[in-house]
Every structure is written in C-alpha cells, then in structure tokens.
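Here we start with a single chain on its own, the form predicted on its own, put down as structure tokens.
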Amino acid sequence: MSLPVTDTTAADTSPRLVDTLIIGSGFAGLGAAIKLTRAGKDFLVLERGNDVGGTWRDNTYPGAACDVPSNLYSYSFALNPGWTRSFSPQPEIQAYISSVADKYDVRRRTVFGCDVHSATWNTTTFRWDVQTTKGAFSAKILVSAVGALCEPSLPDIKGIDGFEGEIFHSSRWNHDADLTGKRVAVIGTGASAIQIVPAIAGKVSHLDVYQRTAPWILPRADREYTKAERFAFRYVPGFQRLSRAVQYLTRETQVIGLAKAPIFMKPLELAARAQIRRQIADPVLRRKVTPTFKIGCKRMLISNAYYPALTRPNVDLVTSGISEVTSDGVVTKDGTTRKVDAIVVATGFHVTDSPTFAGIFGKDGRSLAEVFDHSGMQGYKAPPLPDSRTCSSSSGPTPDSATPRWST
C-alpha cells in the first residue's frame, strides 16, 4: 500500500506498512530512494537527522572538503555543472545532495528525526519489524544505508570525561565554541585532522597535534574551475561526462598498484616524499611525519596545507602516546603535561564495528554484529554461527549507553 507523505507523528500504535524501508538519507540512501522513485515503488526513508546529507550534513568542521574530484563525487544520473572547484568543499556537496533530493521529491517520503532502535526479521510474516522513535514500521525489504562514517569513534583515554574545557568530536563540531586565542589539542592525524589543523592553526594561540601514525599525504591538485570550464559543464553536451570518465579511468589505474603490483605505487610515494622535503625543512619534524609503512596500506590523504601548518611556531606535533587527560591538560607517556583550553577529537568512526550492526536481527535472531564477528562482513548466505544462543555482539554497548557527555 502507498503511504502518506512525510509524517513525523506516531499516534497510531499499529505498524505502518510499506514495501521498502531505507535507513539513512546520505548518498547511499538517497540514491536507493531515487531509483525506487523512478521505478514507481512504494518506500519510505527513515532519517535520524533533520535533513538529507548524512556525512556531509554532519561534518561541518573548519576546512571540511572532499578528497575525491568533484565531477566524480556525484551521481552518474545527476551530474552537477555548478561545481566551483576541482575538489568540493562541504557546503557545496551538501547543497548538491539537497538539490538532488528536491529534484526527485525524496523529502516527501522521508521521516526525519526518526532514530531506528532495532530491525528484526519476522519469520511468521516474512517482513521486517522495525522499531523507531517515530513508531513501528513493517517492511518487505529493508535497506540499511547508515553509512560507514556516521558513528564517531571516541578514544578510550583515562580522565577524558573530566576535562573541563571545550571538547567535541570533529563530526560534531561545536560552532559556538570560539577557539580564537585558545590553547587547543587535536587528537588524530587522519583525513579530518589534516583539514582541521591548517584551518585553525592561524587563529589559536597554540596547537598541539597528537599523532599515533604518520599518514601518507599526497599533493592536493585543487583549483577553481575557470569560467570556460563551468560554461562547458553546463552548456556543451557531453563535456562534463567526458571529463568525469577521464577522471574515473585515471583513478582506477591505482587499483593495479594497490591490489596487483605495488611497484606501480612508487610514483605516488616519491611525490609524497618530495612534498615532505619541499614543505618541511626541520629534519626532526621530517622524520616524525614520514610514514614507516608502505604507501597504500592505509588510506592515502591529500593536502597542500597540512605540512606548512605543522611548521608554524605555535604548532607542535606530539608523537608520544597520550597517557591521560586532566581537567585542563593532556599528559603524554613521557610524563609531559600540556595545558589546553579545548580538545578536538579527530579519531574517525566505527566503520567495521558500527553500533548499528547490533540492532539488526536476521534469521534465527542473529544480529549483524554477531554474524560479522564470526564470518567477516558477509550477510548474504553467511555461514551459520556455532551456537547463535551463546554468541554476543562484539560491538559493545549501544550508542545511548556508550556516548560520553562531550560527543553530541
């Protein structure tokens, strides 16, 4: 049966019936919704936020941008001639996602502010029973599009909950917290951190960057599109699609080096090393930022501004591990205490161990967390557990019980 348009009330206690339920309205969920719309199917999108966008709605930290070329970072059926740069900043990506949602009228079939508590396969009705903050739903098909970058990974550091200054995860940036003139610590040197550090280094009085593992950082070939290019994207038939195809094929050649012949990654390694030599003169700092593992073993990052930010006189790169956090500082394992007014936690997300896995129950009452823990991230025809009654989720407590006061 067809459901009414977006309804944020739950006065009726009986489950709302729908053919397909989609959890999440980021790129994956929105793409699925658009395909179902074009096919004339009956569906609803359940979104815990107040807008579409997922990762790009939530991550609004200073310097937030994509490390995939703009023309690739879009749906093949909805190219965006309005990109202003070769690598798009967060506001442009979120605006693009919103425009696509409007174009295909997806919001009308989205329940916003709807947090999914559990989804259970009913072996009697052969439907999914879904419990949410907006009531119960029943669906023939359940599409989990919660994404890999939605649940912040919070560090287990002694005393961190007792810190009395400003503290927040990069994906939950507190824009009311003015870092100007403050002593700030950034924990992490991943994709978010290397964008945040250059963006705030010039405004804070002092910045400590805590690094566990030095990442490989390649030059960022970012530039503004010329007026001629933007004109061609919009008005010359096939130009943007050809540009996208060339970028796609160029990027795909990296697969040879990553999966087949590592020797082909050598040019990228040389480019990364050359950037270190070019942008950092201090030999001690050079050694700190030079990775000790082969390029391609972890995510490769891109930035032209990160290394120069580390050379600023008010910035220190700290490689000694963190021992504890006090009410007003960070203590490292070498015994040094560094006083700070604010801490930015840039420690990434629960990707392969998302707490959402513990709330989706399939055949025999097995949760995704249980299945993934036993046989890897395989759902379709996953091998049986030794004894489903004795297995427990390895994902830990649910977000509600595990979330410290500073992560929201």
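A residue's number is simply how far along the shown sequence it sits, counting from 1. All figures in this text were calculated on a predicted structure; none of them were measured in a lab.
The form predicted together with a small molecule exists for this protein as well; it is not shown, and the discussion that follows is about that form.
Contact residue in the predicted bound form, from Leu36, Ala346, Cys66, Leu368 (heavy atom within 4.5 Å of the small molecule): By the 4.5 Å criterion, the partner-contacting residue is Cys66.
Can you pick out, from Leu301, Ala145, Val204, Ala272, the residue that has a heavy atom within 4.5 Å of the small molecule in the predicted bound form? None of the other options qualify; the answer is Ala145.
Can you tell me which of 148 to 156, 281 to 289, 102 to 110, 221 to 229 lies within 4.5 Å of the small molecule in the predicted bound form, counting heavy atoms only? Every other range fails; the passing one is 148 to 156.
Using a 4.5 angstroms cut-off on non-hydrogen atoms, would Leu46 count as touching the small molecule in the predicted bound form? Result yes; Leu46 sits at the interface with the small molecule in the predicted bound form.
Any of the heavy atoms of Tyr73 lying within 4.5 Å of the small molecule in the predicted bound form? Answer yes; at least one heavy atom of Tyr73 falls within 4.5 Å of the small molecule in the predicted bound form.
Taking 4.5 angstroms as the cut-off for heavy atoms, does Val351 touch the small molecule in the predicted bound form? Val351 lies outside the contact set for the small molecule.
Could you tell me if Asp115 has a non-hydrogen atom within 4.5 Å of the small molecule in the predicted bound form? Asp115: contacts the small molecule in the predicted bound form.
Even though the small molecule is not shown here, does it sit in the predicted bound form so that Gly190, Gln211 and Thr337 each have a heavy atom within 4.5 Å? Per the other structure, none of Gly190, Gln211 and Thr337 touch the small molecule.
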